[in-house]
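As a starting point, one isolated chain is supplied in structure tokens, in the form predicted on its own.
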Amino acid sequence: MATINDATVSVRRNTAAPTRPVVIIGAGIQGCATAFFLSQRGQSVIVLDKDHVGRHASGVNAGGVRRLGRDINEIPLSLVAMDWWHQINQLLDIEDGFHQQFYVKVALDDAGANLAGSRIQQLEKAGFKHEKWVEPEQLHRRIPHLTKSIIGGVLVEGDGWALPWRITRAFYEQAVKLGAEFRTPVSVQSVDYVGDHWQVTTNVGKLEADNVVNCAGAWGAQIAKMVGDDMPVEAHAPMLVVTDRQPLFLDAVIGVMGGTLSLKQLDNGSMVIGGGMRGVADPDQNKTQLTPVGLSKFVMTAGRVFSHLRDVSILRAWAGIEGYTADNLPFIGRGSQPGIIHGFGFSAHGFQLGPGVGEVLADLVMARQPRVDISPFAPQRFSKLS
């Protein structure tokens, strides 16, 4: 996998009248996308990260680009993000950035089928029609290797996958070309309001900013506390495995209704398998620990969906550190103090949202009205901000 130089990257600055830069804390996909959109709009941006670009969840997740199965409050933002995914190659000057296929959650039993029916009714009542029930005969025609016990599934045409480290890196590279500055590894020690601006103190010096954007992921609650905001997250370590190469047979991403599975096949034939099982995260030490029982569970589920994968060989397993909120919805919005904006706590499903979140956070920095309702993600929803 390509690596990103951790040295400070300094590039040409905008030639407009000098202003304090926007300081973004966190160089995952949300921070990099925000830096890209702000730089595209002529804003001066400095991004800080205690490690390097895409080091944690943004660089090592399953790479699902999906509208399927999202919380109903998240769907409008997901649709905005998908607008950007459809033009991701042009946006980021890359090739094959988004593998557009289809995403299906199969029903393995009556309970799964009933869950699918309830889900589709809920969406249709809210005016969303992108998820469709597909009968088993049609699924088997489109995915011939599915086990015969499948009794149907919920499908979204046009969903797919991308390589997470590649997309995060591309947002970073394009932001740099537009004038953004990335400083890594740099740890934030405090964020204080001094006079008429924010002062961000790091282990290598101080920065002045009118706007500070908190995209610190599993460490976002710590940054929030520095500015007086109580926004709890729990750190977990969603796990993934990659298998040996199999003959190419799958041009879709597969999940399971009511189960834990995310399954896709890479161009080289390897399978990437994940889906909700967590290892142990230690954010203070920047470490994760895998749990073999969890790994076995989603690999066994993959074998239930495709019987020929029951004896697949696992080549590598890993986990990234991710921040989870109590309701599994992210924090997106303004903090309790002017100039503070939060975008973290994506609870292991923020990758597809990245371009949409970058647009929204850039809008908030520039005092523009986002084109989607972000009130369900309000930082204030769990406790009154001081």
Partner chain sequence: MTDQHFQVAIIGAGPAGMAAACTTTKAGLHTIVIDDQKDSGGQVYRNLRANHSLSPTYLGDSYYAGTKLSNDFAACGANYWTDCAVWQITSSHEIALVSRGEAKLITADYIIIATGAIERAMPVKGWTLPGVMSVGGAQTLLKQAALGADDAVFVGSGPLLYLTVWQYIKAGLSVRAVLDTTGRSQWLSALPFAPLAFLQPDMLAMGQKWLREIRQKVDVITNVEEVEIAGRSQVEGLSYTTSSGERIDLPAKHVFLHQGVIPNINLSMATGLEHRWDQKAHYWAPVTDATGKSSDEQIYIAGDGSGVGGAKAAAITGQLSASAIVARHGKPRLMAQLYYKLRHLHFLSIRPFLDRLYLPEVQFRIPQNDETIICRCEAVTKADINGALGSGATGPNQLKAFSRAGMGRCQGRTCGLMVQEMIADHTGQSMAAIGYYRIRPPVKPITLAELASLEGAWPQ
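Nothing here was measured: the structure is a model prediction, and the numbers come from that model. Positions refer to the first chain, counted from 1.
There is also a form predicted together with the partner chain; it is not shown, and the following applies to it.
S.K.: In the predicted complex, does C32 have a heavy atom within 4.5 Å of the partner chain?
M.R.: So C32 does not count as contacting the partner chain.
S.K.: Is V293 a contact residue for the partner chain in the predicted complex, using a 4.5 Å heavy atom cut-off?
M.R.: It does: once the partner chain is placed as it appears in the predicted complex, V293 has a heavy atom within 4.5 Å of it.
S.K.: Would you classify G97 as touching the partner chain in the predicted complex, given a 4.5 Å non-hydrogen atom cut-off?
M.R.: It does not: once the partner chain is placed as it appears in the predicted complex, G97 has no heavy atom within 4.5 Å of it.
S.K.: Using heavy atoms and a 4.5 Å limit, would one call V45 a contact residue for the partner chain in the predicted complex?
M.R.: No, V45 stays farther than 4.5 Å from the partner chain in the predicted complex.
S.K.: Would all three of R41, V194 and H197 be in contact with the partner chain in the predicted complex, where contact means some heavy atom lies within 4.5 Å?
M.R.: Not a single listed residue reaches the partner chain in the predicted complex, so no.
S.K.: Specify the contacting stretch among 227-235, 134-142, 201-209, 268-276, defined as having any heavy atom within 4.5 Å of the partner chain in the predicted complex.
M.R.: Heavy-atom contact with the partner occurs in 268-276.
S.K.: Sort through V299, A281, L178, A116 and report the residue having a heavy atom within 4.5 Å of the partner chain in the predicted complex.
M.R.: The residue from V299, A281, L178, A116 that makes the contact is V299.
S.K.: Tell me, which of I151, V312, I120, I75 has a heavy atom within 4.5 angstroms of the partner chain in the predicted complex?
M.R.: In short, V312.
S.K.: Residue by residue through 313-336, tell me which have a non-hydrogen atom within 4.5 angstroms of the partner chain in the predicted complex.
M.R.: In sequence order, S313, I314, L315, R316, A317, W318, A319 come within 4.5 Å of the partner.
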